[in-house]
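Just the one chain here, laid out as structure tokens, in the form predicted alone.
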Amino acid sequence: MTPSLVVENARTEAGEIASLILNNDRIAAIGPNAAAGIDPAVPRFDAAGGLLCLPFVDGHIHLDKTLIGLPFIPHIPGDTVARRIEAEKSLRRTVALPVEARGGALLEKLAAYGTLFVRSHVDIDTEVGLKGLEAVLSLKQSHGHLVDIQTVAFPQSGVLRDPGTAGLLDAAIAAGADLVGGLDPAGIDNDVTGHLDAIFSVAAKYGVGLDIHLHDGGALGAFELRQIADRTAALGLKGKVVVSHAFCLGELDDAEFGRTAAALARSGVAIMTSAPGAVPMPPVKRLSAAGVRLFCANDNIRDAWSPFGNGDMLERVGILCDRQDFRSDEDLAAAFRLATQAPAEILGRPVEPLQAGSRADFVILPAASLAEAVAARPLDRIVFRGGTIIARGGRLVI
């Protein structure tokens, strides 16, 4: 078969200058001499020594919440999670631009930065029902050529405090949501057992995983994490459960941290962190050393919870490095993988090294190493999806 494109002068993570031979959406060959003997008439792309990387994965966003596409809306403050939930619901009632438009605009930004797979939480409550989910599922059709989308049925208003939500979570999974969500069993629903019973029963019924928001701090949050770990193990869901945020892990004494991390590692419960602002965050190195799997993600991008965020996962990695005091090349490279390889594995997306036979999804960054890429966070990047260039310099070209 005649190749569709030759990518020349690309730098591998090992520092080797190589060529990639593409056959439509697949890499046919890669290596220093891969282009030898290829017909000169085959189209060429010069990577100019740029670093060849796996595409980014954003494992925690909210496509239904984003306000991208609207004029700037000032942030509505709230000093508790519950008050911010109510503030967001109030704002949601006034937003005329549909989820399809706002979420679609965000997906286009993400793809332009090199993110080709996302997990989106979608609000499920008795006011909005499944409307947000239906809108996000439609984005799989309209924007699936840019980004693969996984969905979580997320009870943002709680489960027990919003009677009827448990049934809606069941209906959401039946309608096509991929995972069951949860939120602060103690802090929002004031019933750890009842909340976890409700969400784990839906997951068990359909054989799907869970992704649970947990903001509850200190020993209470640690107790909830261990309860989640115990249920995960009991139901045979190892590797299918994520806890997002888990601020409590950043404020425990050594003994409490040790037994909580051990429970997470045994059960295969993974942790997502967005490296948030003035709150504790999970200690990445300590958790990794204890065998706990982690990844980073953007979370809120220009919505009622935060006026910040542009969707660039490379920028998010830099924020995480600042928060965790990562400075060495090894630390920066490890942080980069928290936005590529680690979330792909945790979210159940097959991780294909950039080699012969793998799908031609990759990003070329103007850097000599992963550490330099994290330090510089260059916008001037080339994004390939299925063997086709879809973005240059942070802008879509298709």
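Predicted, not measured: the structure shown is a model, and the values here were computed from it. Start at 1 with the first residue shown and count on from there.
Keep in mind the form predicted in complex with a further copy of the same chain is missing from the figure; the text below concerns it.
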- [ ] Identify, from the list 52, 347, 371, 35, the residue with a heavy atom within 4.5 Å of a further copy of the same chain in the predicted complex.
- [x] 371
- [ ] Name the single residue among 327, 145, 259, 93 that comes within 4.5 Å of a further copy of the same chain in the predicted complex, judging by heavy atoms.
- [x] 327
- [ ] Work out which of the listed stretches, 137 to 145, 177 to 185, 70 to 78, 152 to 160, brings a heavy atom within 4.5 angstroms of a further copy of the same chain in the predicted complex.
- [x] 70 to 78
Open item on the list: Just checking whether residue 310 would be counted as a contact of a further copy of the same chain in the predicted complex - the rule being heavy atoms within 4.5 angstroms.
Closed with: yes
Task: a further copy of the same chain contact in the predicted complex: residue 322, any heavy atom under 4.5 Å - done: yes
Task: Non-hydrogen atom contact residue 305 with a further copy of the same chain in the predicted complex at 4.5 angstroms - done: yes
TODO: Answer with yes or no whether residue 389 is in contact with a further copy of the same chain in the predicted complex, where contact means some heavy atom within 4.5 Å.
DONE: no
Task: Within 79 to 95, the residues that have a heavy atom no more than 4.5 Å from a further copy of the same chain in the predicted complex - done: 84
